[in-house]
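Below, in structure tokens: the form predicted on its own, a single chain.
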């Protein structure tokens, strides 16, 4: 028996404008996405592990007087600010999928790269999964605490969420998680936090309180604010719409692609989370016509 003919495309009242079906658009989107999948992002491996070594080296260089404190502060702030993205690649198993020979490298990058940020890999992944599943939901999206009508409001809300006793969105996300690794994730988080405070206390007791504050404590808070602004608030602003094609956007950053850490193409990441960060730009420009056809949020003039 021959296959039934495909349903004719709609014209939306205008014979010159063809409105294709959701299935057709998804098929074309998937064909484009496949071009950018499967490559090991070695640049992220080098970035994650190399940046951690850089941050560690700041301590002895400062204590021995090789690096002045002001330079150590600037370098530490930069290092901690850029440490999240390699772990984010690992959270999505982009470096190596589960069961593959390089899975150990995926996990190593995931765990090591965010130590300066005090963000345990498993906690980051468990909460990030809930963000993807519930983006912009005020009750279920742990990143919704970073909302704001403008960037300074979002920065303030993000800082408020990091105060003692706050951050309910992330606590609730962990509390309702059914991930089998939740117990291990919470233990790792506790160990990392206690180790952090023990190191800061020991340094303060030894006469290095200013060094501890300017190499770790303050740079971490500056980095967290920057990360929340560019990885959470800006790509999802105004954080009101929900749905696969509505909960994030393409946008033109006033500080450029590099300083916004590639988040101008965040819509591609939400649609196809396994595409490496450095490939989201090329993928977006190839898939843009299909996204425009769907009426996806788009604030890019080019």
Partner chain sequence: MSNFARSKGNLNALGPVLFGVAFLAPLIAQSFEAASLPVPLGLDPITFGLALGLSLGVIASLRGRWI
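In this text, all values refer to a predicted model and were calculated from it rather than measured experimentally. Positions refer to the first chain, counted from 1.
Unshown form predicted in complex with its partner chain; subsequent notes refer to it.
When you look in the predicted bound form, the only residue of 108, 96, 209, 140 with a non-hydrogen atom within 4.5 Å of its partner chain is 209. Just one of 222, 118, 71, 159 comes within 4.5 Å of its partner chain in the predicted bound form, counting any heavy atom, and that one is 159. Proximity to its partner chain in the predicted bound form holds for all of 165, 186 and 197, with the criterion being a heavy atom within 4.5 Å.
Although the partner is absent here, residue 152 sits far enough away that none of its heavy atoms falls within 4.5 Å of its partner chain in the predicted bound form. Proximity of residue 175 to its partner chain in the predicted bound form falls within the 4.5 Å heavy atom cutoff.
In the predicted bound form, its partner chain lies farther than 4.5 Å from every heavy atom of residue 104.
Among residues of the shown chain, residue 217 is one whose heavy atoms approach its partner chain to within 4.5 Å in the predicted bound form. The chain is drawn here without its partner chain; in the predicted bound form, the stretch among 77-85, 96-104, 226-234, 198-206 whose residues come within 4.5 Å of it by any heavy atom is 198-206.
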